[in-house]
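A single chain comes next, written as structure tokens; it is the form predicted alone.
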């Protein structure tokens, strides 16, 4: 059976976003990545930067967990939820709306694999790669900073893993939690797209 929805989770620097975008193009599927952040920002009143950061961090216990965002207006009614929970709830609603629309799509990150776990026509992929491959891509794409690329990668992956664990109680990147895991550093980004396209069809 053809898969109408493909979720792509990825290690930082593995090329997962590039793979997902090319896959959507080949299949002529809608593509959702930053579009999710934009929609949630519009709904909640939080800034896109705030939502992007909260979406990849484990909820904390500081006052900033409860809705204060110096870069945006205060959201409306949060029903007593923390900012993290409120953003997760609205993000989940939007992702389900995408799925319920019936239009084939590729969704990057945002724990979409878990949010759509009860849907039958979903293919969940995880993209990984060795550190040397990822270090090279991070520097090529995002440039050099004062922080070494391996630390940037480790910090980013740790935040994603903690956030995923908090909301799903599942281990981010643990192979049995996905339908397929691909090592882009070993087989290349193009081959990853080929494999996912074949599986989707």
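Residue numbers count along the first chain shown, from 1. All of these numbers come straight from a predicted model, not from anything done at the bench.
Just so it is clear, the following notes concern the form predicted in complex with a further copy of the same chain, a form of the same protein that is not shown.
S.K.: Using a 4.5 Å heavy atom cut-off, are 172, 176 and 180 all in contact with a further copy of the same chain in the predicted complex?
M.R.: Answer is yes for this spot.
S.K.: Residue-level question: is residue 25 within 4.5 Å of a further copy of the same chain in the predicted complex, judged on heavy atoms?
M.R.: Close contact is absent here: in the predicted complex, residue 25 is far from a further copy of the same chain, nothing within 4.5 Å, heavy atoms only.
S.K.: Is residue 105 part of the interface with a further copy of the same chain in the predicted complex - any heavy atom within 4.5 Å?
M.R.: Close contact is absent here: in the predicted complex, residue 105 is far from a further copy of the same chain, nothing within 4.5 Å, heavy atoms only.
S.K.: Applying a 4.5 Å heavy atom distance criterion, does residue 128 contact a further copy of the same chain in the predicted complex?
M.R.: Residue-level check for residue 128: yes, a contact with a further copy of the same chain.
S.K.: Sequence order please: the residues of 178-201 with a heavy atom within 4.5 Å of a further copy of the same chain in the predicted complex.
M.R.: Heavy-atom contacts within 4.5 Å come from 178, 179, 180, 181, 182, 183, 186, 187, 191, 195, 198, 199, 201.
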